[in-house]
Ligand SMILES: Cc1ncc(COP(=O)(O)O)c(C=O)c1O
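Take a look at this one chain, the form predicted alone, written out in structure tokens.
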Amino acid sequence: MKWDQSRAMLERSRRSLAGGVSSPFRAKAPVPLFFENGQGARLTDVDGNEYIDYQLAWGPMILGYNHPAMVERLREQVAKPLSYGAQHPLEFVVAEQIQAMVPCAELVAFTSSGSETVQLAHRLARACKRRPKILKFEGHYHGWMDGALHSYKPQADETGPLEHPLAVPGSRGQVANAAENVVVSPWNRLDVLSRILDAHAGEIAAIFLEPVLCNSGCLMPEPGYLQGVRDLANQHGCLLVFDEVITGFRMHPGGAQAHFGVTPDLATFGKAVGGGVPLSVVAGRLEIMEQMFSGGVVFGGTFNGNPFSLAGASVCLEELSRDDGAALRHANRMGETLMAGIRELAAGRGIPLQVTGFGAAFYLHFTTLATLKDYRDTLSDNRDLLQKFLFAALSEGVILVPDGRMYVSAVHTERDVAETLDKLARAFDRL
């Protein structure tokens, strides 16, 4: 494939836009491409190349590109004011849709980004429990703000002992004292978590986690692990908070909490909830959420409950809840077929590969380890080989997330999957 126009546009963009991209994560792609259109599960770049897409714009496009129902609803909405700075009916309509789908959603609040939802959830938890600390897990990502960006991608020599992981800041310029109220635990180790909670008795307001470790390898919780964390939270008087920015409205119409049958006290949502429009959500128990109005917890935002975003969310949630969640069952079934096919392709060529996650969100690990349990296990991945594979896949017309993730939408078809496996076979051959 030729990417002359994308490369030329990137050079032009660098003269006006920091780094030439709107998010530094995007610069990590094998080739930072510029796109001009998309339909269904396929994208077209400015050079006219077509791709089967498994980035889904880093997750939001659960209904694919230019979904007819989404286009129609947004076309109607754009003829109205784009913002009111006041109430409008779509606010309670979408909130009621979320209440009907998500087990923990007694009340709902809207924001514009996943990072914002985390800040609100931190504040609500600390106010509710009158405790300063948040416990999070190694490798879990909860946004880029100072209070949350710790121990997301630490190097092996930074992590500290497994029994007492260090709170490693994720960015230069991050204030050092933000780590004073962060406690870190390894993922999938109830015994270690129990001891860490004992060591910080009476200090921890909330245990905060991705119910599937999507941001660092799509590692599933061990059987019974989430219920075990729920039980420990209850024993220690902590809130349990699920970061469902990725798993929400993707793993199941009710999120990972519905899939696993474990209900948190609070949950954050983003990406798929809006089907591509900027929207994020905090949902949780009534007495916790009401603190914003009767408990002194300050929260605001000019674009909270934006009518254009909520119009997109309303149709997205309608489509995902239709026929008892048929769209997501299809997405996960297509993904499971892909996962099995990719494993077979690698095994047939003697390439050591682990494919972890669930159908609609999974990850490729070039590793010789037989099992991957926690973030530290992913440090053995051969990232050079992954980059070569990503470039080979892109050259064949298949786009993955630059870290090796693959998102599958509700509109990927059996034909898309079969064609993808043919293309990835050639990509593996290049290795």
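Just so we're clear, the structure is a prediction, and the values are computed from it rather than from any experiment. Throughout, we count residues from 1 along the sequence that is shown.
The same protein also has a form predicted together with the ligand, omitted here; what follows describes it.
In terms of non-hydrogen atoms within 4.5 angstroms, which of the given stretches 163-171, 301-309, 136-144, 179-187 touches the ligand in the model of the complex?
In the other structure, the partner sits against 136-144.
Is there a heavy atom of residue 115 lying 4.5 Å or less from a heavy atom of the ligand in the model of the complex?
Result yes; residue 115 sits at the interface with the ligand in the model of the complex.
Heavy atom to heavy atom, is residue 215 within 4.5 Å of the ligand in the model of the complex?
The answer is yes: residue 215 has a heavy atom within 4.5 Å of the ligand.
Tell me, yes or no, whether residue 150 is in contact with the ligand in the model of the complex, where a contact means a heavy atom of each within 4.5 Å.
Answer no; every heavy atom of residue 150 is more than 4.5 Å from the ligand in the model of the complex.
Residue 229 near the ligand in the model of the complex, any heavy atom under 4.5 Å?
Contact check for residue 229: no, nothing within 4.5 Å of the ligand in the model of the complex.
Contact assignment for the ligand in the model of the complex, among 246, 360, 121, 239, heavy atom within 4.5 Å
Selected option: 246.
Neighbours of the ligand in the model of the complex among 256-271 [non-hydrogen atom within 4.5 angstroms]
Going through 256-271 in order - heavy atoms within 4.5 Å of the ligand in the model of the complex - there is one hit, 271.
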